[in-house]
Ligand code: CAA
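Below, in structure tokens: the form predicted on its own, a single chain.
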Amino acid sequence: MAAGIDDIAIYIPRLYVDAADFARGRGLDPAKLQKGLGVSQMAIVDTNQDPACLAANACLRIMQRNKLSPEDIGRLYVSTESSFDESKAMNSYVIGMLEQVYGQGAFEHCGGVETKFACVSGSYALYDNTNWIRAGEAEGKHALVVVSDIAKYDLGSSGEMTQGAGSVAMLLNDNPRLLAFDPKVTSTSIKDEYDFYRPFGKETPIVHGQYSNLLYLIQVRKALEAYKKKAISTGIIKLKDDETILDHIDFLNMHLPYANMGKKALAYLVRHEWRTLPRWKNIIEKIGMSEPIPKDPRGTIESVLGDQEFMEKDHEFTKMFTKTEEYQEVYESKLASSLIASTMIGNLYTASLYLGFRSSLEFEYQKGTSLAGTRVGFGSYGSGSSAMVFSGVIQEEFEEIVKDMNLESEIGPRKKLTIEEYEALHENKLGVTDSMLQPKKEFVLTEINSSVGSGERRYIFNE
């Protein structure tokens, strides 16, 4: 049975910090953010917003656009690493908000959980619900998978320049108009790591940046190797001697903690795939230097990062490699369009991969790219750590969904924050009722009960 994404909706907070203003406020070169990281704006939540209401707003948009009733939804999963309750699942908060619009008890039949595995959990939720549909358990109903997060780092930390917030809702069914997932090829890699984590009671994460970046690349590469074996064994892809699996993936979406990490991931994967092919000899001749090898090629990530000579040479090699015509063709045709939204919004943790997919659809369609029948690959990563690689095929009916996509109009009019306003929000100096924007036809947080032993949250739908 076919299963996949029928429609996709986003909800992005309308407050943002301009990267150039942020850089000047921190005494940094604005080019470091805009060129080095690919960050132009970072979406910031208002005082009356949290990950649950971001998720509910994305769900409401997709249901209203498709004229769906609660009876049409069989499952509702929320994936997040911004959870604020260690017991009560976020999807129950979302259902409570939706029932303010659709009526009390309207979703009581709807199963679902909150899933957590850093930024990869949304991909596991998609996989679970896709198999629920393939197994015939859906019985004609849709599944909603919502990825919703607030990426927040300590003031003055290196991660502060890669913040963002937002939610992406995906409607799944057995007759998807947008993308049908390839069966029996989804592949994972998992390992116990402390590259990025957030202990109980801590609002911001502990990050080992370089370590996490390299671990991300290694884990996705391992998952890609497993995907390749499955894709070949199932027959959906047939490789010739001089081909790589990436030659058979038309568009690639990567996890994007910041836009330029997608470029780094693509360069890493392409190097790994090409170095055993005849074309690699020509690439090396163009670059004019051999691909560097660490002193201890089978060593730990720490030993590689500690090999300063290798790191410097590898950086130089990668820089020259990404300037080659061969790499540029792959980058422009397969990845570039997926990075555009990230530059405008920032890091969305679980939602970043799917915002990239949404970005790719809109901007490839605007270019007049023929999308029907093309294969889309997903490289998902979650710290801690796990990677998932999977793929799907764009359906003939895709234009019904993509033709009206417009990122700027869907976000709506935005307010640029001053550094002082941003820091007041970041440090929680304002109360829930001190919002900077007037909500319009959206769910907002109205109260957090601060009495001892409580913490209950209240939401309303603001007409």
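Numbers follow the displayed sequence, beginning with 1. Keep in mind it's a predicted model, so treat the numbers as computed, not measured.
Not on display, but discussed next: the form predicted together with acetoacetyl-coenzyme A.
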In the model of the complex, the residue from D404, E410, E397, D29 that sits within 4.5 Å of acetoacetyl-coenzyme A by heavy atoms: D29
S303, N282, S158, S233 - the one with a heavy atom within 4.5 Å of acetoacetyl-coenzyme A in the model of the complex: S158
acetoacetyl-coenzyme A contact at I287 in the model of the complex, heavy atom, 4.5 Å: no
Y331, heavy atom within 4.5 angstroms of acetoacetyl-coenzyme A in the model of the complex: no
Interface membership of P257, acetoacetyl-coenzyme A in the model of the complex, 4.5 Å heavy atom rule: yes
acetoacetyl-coenzyme A contact in the model of the complex: N213, any heavy atom under 4.5 Å: yes
Partner-proximal stretch of 178-186, 128-136, 87-95, 380-388 relative to acetoacetyl-coenzyme A in the model of the complex, 4.5 angstroms, heavy atom: 380-388
H272, P297 and F310 all contacting acetoacetyl-coenzyme A in the model of the complex, non-hydrogen atom within 4.5 Å: no
Residues in 334-362 with any heavy atom within 4.5 Å of acetoacetyl-coenzyme A in the model of the complex: N347, Y349
